[in-house]
Structure formats: C-alpha cells, structure tokens
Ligand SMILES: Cc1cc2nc3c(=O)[nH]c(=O)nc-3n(C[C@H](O)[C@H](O)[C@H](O)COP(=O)(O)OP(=O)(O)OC[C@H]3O[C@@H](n4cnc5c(N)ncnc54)[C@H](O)[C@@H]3O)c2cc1C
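Encoded as structure tokens, the following chain is the form predicted on its own, with no partner shown.
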C-alpha cells in the first residue's frame, strides 16, 4: 500500500451501484474517502500503478461506461456539518463535500435556518454542487457559497478559497478544469423569520411543483444544459417531437424532454445514442447545439458527447 495506513481499496467494484442512472461496469480500483488525508496516498497509488483516477460525489450527474473504468474511482464520502456565526447576523453552514444536499437542507431546518428551501429535491452532494454550480428553482450554488476548501492534486496542498475564486457560470466552475478537489463548502444562511409551518408549506409547494414537472425513474435529472433561461433544453427536445423516443432500454421521458431514463437494462451506449439523436434533432430544427450537463466517464477517462 502507498503508505503505512492500510487503505481499503476495493477492486472490480461495480459502478452502477453508485450512479442514479444505475448503469456502469466495474472500476479496477475503488475507494470511499472519509478522511481527506487519504487523498495523498491515493494519488501516489494511482501514480505507482500508472492509472488515471476519477473523483465522484453522489453519482447523480454521471454516466458510467458499461465496460467500467480502467483506473481508480474515489467516492468522496466525508459527512460532517457544522454552524458558525456569520456577518450581519447570518449563520454559516459548513459541510463536507460528501454530504448530500438533502442532508444540509434537513440540518438547516432543524436548526431554524432559512435559505436552502429552493433546493428541495436537488440531488447530489455539496462537493458536486460546487463543482457544477448546481441549483434549482432559481437558486444556484454561487449565490450562497462564501468559501470552500480545495485540494490541488499537483502539490497536495489544501487551502480555503472565496466564492469569486471559482469563476462561477451556469453549471460551470473553475474546478471543472483546474483539477482541484472540493473538500468542504460554507454557505451563508439566515435565521428563519417565517414560522416553521410557513417554511414547511413553502417547501411542500416547491416539492410538489418539482414532482409535477419531473419524472420518476433511473436518470441523472437534466441531461443537457439549457442554452439560456428563456430557452430550456427540455422544451427544444419536446418541440422536436422526441418525448417518449426510445433506443434500446433508454427513453426520453414522456413527462420531461430533458430527462433520459433507464427503463431497466439500458446500456451506456443506449443512453449515448439517444442523447446524440436528441442533440442532432435539435440542431436540425433550431440550429442550436445542446451541451451535455452530465459527466460521461468512458473506460479510459472523461469524454464528450
């Protein structure tokens, strides 16, 4: 092993267990990371083996290859949450990258805080939210993040960086290209001013609205980025007449055009063929090229659609 600590690195771990698509073959090596200090020996392990590594969170925005991954998959699984005083009476919530969005929302409510209600139903983890500037119902990560701890895999140095460091854009952040790993993030919240009943009612309404628009089933949520707020990708796909379109066991949802669903037994190639079909149809009809929002991990590394 790469250092004195015995790291429980699994072999031939099936990736379909860790993806909301429920698709994916075995990774040659797999590690659930609870202690960020393990990253350094893991990097050394990958370097010694001369293999690539891939960092993942909740698996809600990834399409894994049926052939798996010929490298090391590191699943961020640290899960601490804490509170501290913020400026002008605000409250700062700091959560490890492996904490689910559902968990920080639940934690904030139990501590009489407000600011995360719009994230009801948002899948994924804190690390993934920062990585992709995730958001829903009008609230993006960039609007409430104050700072985050990141690790640079080149010099293995951990540092805290402010919001503006990430150069946030729609579903985009600097760490998508800088090869830095988000270890924790701090969000600025407020003490709840409405009643607990009103907060609960607000969240119920948001949840019901979300459920009404979005389908159930094995998917990653929105597959494509919206070309703009005024032009949702789902609407373009629907206007191209593709709702319900099926290739193999992959289907464009009959409920929402931007949801690709695994009907049961879909392969990664089924999903990719369907996504490419939808992109081509939208290009022909509207002259717009849709960009995928999900990460596509082939057997040898990340790829584009």
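Positions refer to the first chain, counted from 1. These numbers come from a predicted model, not from an experiment.
Below, we refer to the form predicted in complex with this ligand, which is not included among the displayed structures.
Undergrad: Have a look at 268-276, 65-73, 51-59, 248-256 and name the one stretch with heavy atoms inside 4.5 Å of this ligand in the model of the complex.
TA: Among the listed stretches, the partner-contacting one is 51-59.
Undergrad: Do residue 210 and this ligand share at least one heavy atom pair within 4.5 Å in the model of the complex?
TA: Within the cut-off, so yes.
Undergrad: I'd like to know whether residue 136 contacts this ligand in the model of the complex, with contact meaning heavy atoms within 4.5 angstroms.
TA: Because a heavy atom of residue 136 falls inside 4.5 Å of this ligand in the model of the complex, the answer is yes.
Undergrad: State yes or no: in the model of the complex, is some non-hydrogen atom of residue 123 no more than 4.5 angstroms from a non-hydrogen atom of this ligand?
TA: Contact check for residue 123: yes, within 4.5 Å of this ligand in the model of the complex.
Undergrad: Taking any heavy atom pair closer than or equal to 4.5 Å as contact, tell me whether residue 97 reaches this ligand in the model of the complex.
TA: Result yes; residue 97 sits at the interface with this ligand in the model of the complex.
Undergrad: Can we say 12, 43 and 153 each have a non-hydrogen atom within 4.5 Å of this ligand in the model of the complex?
TA: No: no residue has a heavy atom within 4.5 Å of the partner.
Undergrad: Work out which of 145, 113, 233, 175 lies within 4.5 Å of this ligand in the model of the complex, going by heavy atoms.
TA: Checking each option against this ligand in the model of the complex, the one that comes within 4.5 Å is 175.
Undergrad: Quick one: which residues from 271-305 get a non-hydrogen atom within 4.5 Å of this ligand in the model of the complex?
TA: Sequence-ordered list: 293, 295.
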